[in-house]
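Just the one chain here, the form predicted on its own, laid out as structure tokens.
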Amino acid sequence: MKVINFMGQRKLALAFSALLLIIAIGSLATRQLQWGLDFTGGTLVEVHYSETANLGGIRDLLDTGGYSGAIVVSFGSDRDVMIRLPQGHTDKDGMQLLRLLQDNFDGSVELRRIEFVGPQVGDELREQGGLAMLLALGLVMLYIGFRFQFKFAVGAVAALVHDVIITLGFFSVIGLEFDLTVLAALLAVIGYSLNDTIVVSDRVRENFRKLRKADAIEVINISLSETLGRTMVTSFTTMLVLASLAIFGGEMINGFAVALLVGVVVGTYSSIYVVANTLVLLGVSKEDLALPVKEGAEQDDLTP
């Protein structure tokens, strides 16, 4: 097996990560996120058409009818349509919207549901979503610290924070809507990135115990080279599925697929460079991973 000198480019990778983080944090501070209906509040209208609904025509109709910013998606079947009106619209606007749809459709348009999501509910969801993410990161650090070693836990959490901030920054820079499906995708990114991190960390630990004459840089390069094939194949096949979902999956799942796609790309990079870079910066050594000597083992060895 050819050993790739990953750590020879660690300073360049560190600068690249720092640049991405600065752009992401700067965009989040200045442009913030385009919060979706789940967070800002608004009106949700679900209607059923007697025949196949033309989503493009409905969007044009709403734009010209004074409902700019409305999100129109299909769900369940091609006759069921969900319309999200931004903050500022009321239930009365929902009924007027229904009449507008009916007046411009030859068949019948049946109202299934009108639901108002208040801003207070949005604030609660935003707070609970943030707490869920912090709890996930805390539990990850606790698990890896117990399963491996504290330096590995710091590396894993650094990689997860790196992945989440860059994914959030991508949504801020591009201006994509951030709703609960994207928040769910971020939690999935944490799980995916953690899986890669565990695989790499396990191989690093194993090689530290096996290659006693090699230094830390050599051990990490060998470990990353040994796991590179598995990492690339897993990431590539996952990205194929997510790209298909993002292109053909429809508007409802688009944000979820895009967030996961960005998260998988960044997570693959961070499992190679962010985790390993953090371990090198923290000065990981074979002494950190030495197996504890059992009490009385020396006396057992001296016993004939």
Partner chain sequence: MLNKYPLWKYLLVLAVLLVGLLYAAPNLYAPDPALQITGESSAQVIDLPTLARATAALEEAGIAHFGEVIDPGGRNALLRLADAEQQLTAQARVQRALGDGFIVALNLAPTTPDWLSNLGGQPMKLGLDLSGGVHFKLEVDVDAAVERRREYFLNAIKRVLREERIRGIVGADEQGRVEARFRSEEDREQARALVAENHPELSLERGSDGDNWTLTAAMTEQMRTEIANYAVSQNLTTLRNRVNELGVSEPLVQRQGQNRIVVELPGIQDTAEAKRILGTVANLEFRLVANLDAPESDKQRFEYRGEDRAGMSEWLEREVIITGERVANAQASFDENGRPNVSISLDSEGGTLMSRATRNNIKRRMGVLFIERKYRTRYEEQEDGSEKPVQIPYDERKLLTAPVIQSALGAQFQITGLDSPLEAAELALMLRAGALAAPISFVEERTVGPSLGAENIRLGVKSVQFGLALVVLFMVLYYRVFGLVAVVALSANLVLLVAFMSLIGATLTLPGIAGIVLTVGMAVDANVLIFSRIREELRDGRSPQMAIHTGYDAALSTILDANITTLIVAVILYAVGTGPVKGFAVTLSVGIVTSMFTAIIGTRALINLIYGGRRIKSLSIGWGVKA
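The shown structure was predicted, so the numbers you read here are calculated from the model rather than taken from an experiment. Residue numbers count along the first chain shown, from 1. Under this definition, the rigid core comprises the largest set of C-alpha atoms superposing within 1.5 Å between the forms.
We do not show the form predicted together with the partner chain, though everything after this point is about it.
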Inset, instruction - Identify which of A153, I198, M82, L176 has a heavy atom within 4.5 Å of the partner chain in the model of the complex; exactly one of them does. - result: I198
Inset, instruction - Only one of S77, Q128, N104, S108 comes within 4.5 Å of the partner chain in the model of the complex by heavy atoms, so just point that one out. - result: Q128
Legend entry - Stretch from 51 to 59, 65 to 73, 243 to 251, 270 to 278 whose residues place a heavy atom within 4.5 Å of the partner chain in the model of the complex: 243 to 251
Legend entry - Close approach of L194 to the partner chain in the model of the complex, 4.5 Å, heavy atom: yes
Inset, instruction - Using a 4.5 Å heavy atom cut-off, state whether T237 contacts the partner chain in the model of the complex. - result: yes
Legend entry - Any non-hydrogen atom of T181 within 4.5 angstroms of the partner chain in the model of the complex: yes
Inset, instruction - Decide whether V258 counts as a contact residue for the partner chain in the model of the complex under a heavy atom distance cut-off of 4.5 Å. - result: no
Legend entry - Sequence-ordered residues of 197 to 230 touching the partner chain in the model of the complex, heavy atom within 4.5 Å: I198, V199, D202, R203, R205, E206, E226, R230
Inset, instruction - Please check if D215 moves between this form and the one not shown, taking a CA shift of 2 Å or more relative to the superposed core as movement. - result: no
Inset, instruction - Could you tell me whether the Cα atom of S108 shifts by at least 2 Å between this form and the one not shown after core superposition? - result: yes
Inset, instruction - Could you check whether the CA atom of V164 moves 2 Å or more between this form and the one not shown, using the rigid core for the fit? - result: no
